[in-house]
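Taking the form predicted on its own, here's one chain by itself in structure tokens.
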């Protein structure tokens, strides 16, 4: 913990999405002689813990190369991933960034909520030797390429589909929208910010793209053949879905399965995830407490983007700002990931492999 590294190719700055996950990894850090802490005790101290590195990561490429990284925990309260706690959370992220610089990380991925820092003012990042990415480009690539793959698996013609994108005005949502706008029959766009949603929608209408948009999600759900959810909200509910609707849950946390109110069948998979064919390992090995996937070597696309860039020695602020993801960059980072044996994760959900 809090160790130095002579050759640190990348760092991942992250946070936990539930107190159960927090409990698993906090108690996993404790030795056999120490009693297990209750979630209530953990809640009393958790947010006061400063950013620290929890474990190192070694990742292998099918090209034969290896890279070394580290995971840095921000200790952001899972109950406070909202605008009311924005200032406190950004301060925690900045502390984690400072820690990654002290460790000499060449590339830093800001996963989940922590990417909010890179979607703001980037001036302070441009003059530093350490480079940063939200990882949103590869995440978007795995979502849309995964959707195309799932459509083929289910015998669905994408060009005849109406696709709903929940969280359409976010960085990943806009990337998915732009990728699919000429591939789908019609797009349904939903977001909470009325002004941003109208701006995006008007741009698409000017390009003669067939769309419908609303801040009221339920006005759109029943028309959707496929649904992509890239919103981070925990209170999203889907009701009156079409029979056998195909749903890609790519938000963080991934919790749509418990929020779908329908009497019809639906097919859901967790999107934006990739799998490292040559594997990786943690040191110390906390995989039994923090790894929650049904098959080995699955990682979030945002983290994998930093790894791919490190394999390529492509140290630059790759995914940064909001609305800057291009179709060329999606294809570039996706093909680079395949070069290193990192591909779309097998389709799975909370029940296991689909």
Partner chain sequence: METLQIEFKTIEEFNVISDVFSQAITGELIGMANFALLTETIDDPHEKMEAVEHANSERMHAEGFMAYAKKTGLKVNINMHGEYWGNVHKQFLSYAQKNDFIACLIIQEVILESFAISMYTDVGNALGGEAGKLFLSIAEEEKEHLEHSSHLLQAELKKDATAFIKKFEEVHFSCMTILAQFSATTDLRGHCGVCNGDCMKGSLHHIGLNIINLRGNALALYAQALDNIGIPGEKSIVWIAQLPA
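Note that this is a predicted model, so its numbers are computed, not measured. Positions refer to the first chain, counted from 1.
Beyond what is shown, the protein has a form predicted together with its partner chain; the following relates to that form.
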Can you tell me if residue 34 lies within 4.5 angstroms of its partner chain in the predicted complex, counting non-hydrogen atoms only?
yes
I'd like to know whether residue 290 contacts its partner chain in the predicted complex, with contact meaning heavy atoms within 4.5 angstroms.
no
Is there a non-hydrogen atom of residue 49 within 4.5 angstroms of a non-hydrogen atom of its partner chain in the predicted complex?
yes
If you check in the predicted complex, is residue 25 within 4.5 Å of its partner chain, heavy atoms only?
yes
Each of 75, 102 and 283 within 4.5 Å of its partner chain in the predicted complex, by any heavy atom, yes or no?
yes
39, 298, 327, 54: which sits within 4.5 Å of its partner chain in the predicted complex by any heavy atom?
54
So which of 305-313, 39-47, 60-68, 318-326 is the stretch with heavy atoms within 4.5 Å of its partner chain in the predicted complex?
39-47
